[in-house]
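In the form predicted alone, a lone chain appears below as structure tokens.
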Amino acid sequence: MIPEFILRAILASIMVSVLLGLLSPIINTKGLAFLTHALFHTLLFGAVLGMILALILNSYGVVLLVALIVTILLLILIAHLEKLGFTSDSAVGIISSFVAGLTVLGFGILYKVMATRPYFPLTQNIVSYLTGDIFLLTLDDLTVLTIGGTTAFFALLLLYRDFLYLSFDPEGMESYGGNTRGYLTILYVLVGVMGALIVQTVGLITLQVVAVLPGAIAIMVSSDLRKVLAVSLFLTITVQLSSVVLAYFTGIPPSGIATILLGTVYGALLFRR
């Protein structure tokens, strides 16, 4: 009989794979790899604030909520800076710099609060945010991931064609009356929401790799959009499920295995070229 935590890990892997499989090609075509780096900082800052509030309120359920709200607000701020005329890299760099400093400050406050309260569950929470451990997902975590992920999936699917136009021909979109800044803001929000939802499964340290490489590999394999999507989805599902199985037998964190597998595939394709 398959253990319950393995079933939760498999279901979570499928949801994460579908989200990343669809999102990764857009990240690559729109050039948002640097944004995923900023996402790392904003999620970590939001998680630290959430953990401080969790200790004060004695409710660990607020961590994800606070991380999600902070991430969305900061990504909207990045989109607003771009609207003011800053380049995408400049806007991301400005926000990331401030957030990195605030995160260090937040950790200092967190340690002081932790010293006055029982914090073992919170310590485990910090580790799962940084390294990711899909085996630690509870039924409540899986429920949040499923509901939130399904909502984000349909939102992404509904606007997918518009996001592609935004990636390949933003000027043409503007000429036809399309609100490129509005779509860009929505895309940034979706990236933030998906990142916050999957961070406990893939970890902040490896989030950028698993968000960028599937789409990059798919684009190397084919230039046909449908094939790119198919390859990205197939690759993410295969890698995520394989990492769960290998992690179960080896005891190695699945996020690390997934990163190594994606890096190996990407390196092999580069070598063949």
Partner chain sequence: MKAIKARNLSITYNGKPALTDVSFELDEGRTLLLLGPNGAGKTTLLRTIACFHREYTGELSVFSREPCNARELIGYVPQSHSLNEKVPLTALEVVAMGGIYKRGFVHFKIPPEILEKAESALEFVGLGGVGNRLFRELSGGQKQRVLLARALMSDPRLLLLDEPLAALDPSARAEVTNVLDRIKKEKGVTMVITTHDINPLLEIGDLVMLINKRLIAFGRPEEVLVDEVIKSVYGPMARVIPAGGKIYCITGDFHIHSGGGER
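Positions refer to the first chain, counted from 1. Since the model is a prediction, treat every value here as computed from it, not as a measurement.
Only in words, not in the display: the form predicted in complex with its partner chain, which the text now covers.
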(message) Looking at heavy atoms inside 4.5 Å, which stretch does its partner chain contact in the predicted complex, given the options 221 to 229, 237 to 245, 56 to 64, 35 to 43?
(response) 221 to 229
(request) Identify, from the list 164, 76, 100, 109, the residue with a heavy atom within 4.5 Å of its partner chain in the predicted complex. (result) 164
(request) Just give me the single entry in 90, 138, 179, 150 that has a non-hydrogen atom within 4.5 angstroms of its partner chain in the predicted complex. (result) 179
(request) Check whether residue 94 has any heavy atom within 4.5 Å of a heavy atom of its partner chain in the predicted complex, and answer yes or no. (result) no
(message) Residue-level question: is residue 157 within 4.5 Å of its partner chain in the predicted complex, judged on heavy atoms?
(response) yes
(request) May I ask you to check whether residue 175 falls inside a 4.5 Å heavy atom distance of its partner chain in the predicted complex? (result) yes
(message) Can you tell me if residue 28 lies within 4.5 angstroms of its partner chain in the predicted complex, counting non-hydrogen atoms only?
(response) yes
(request) Between 76 to 91 and its partner chain in the predicted complex, list the residues on our side with a heavy atom within 4.5 Å. (result) none
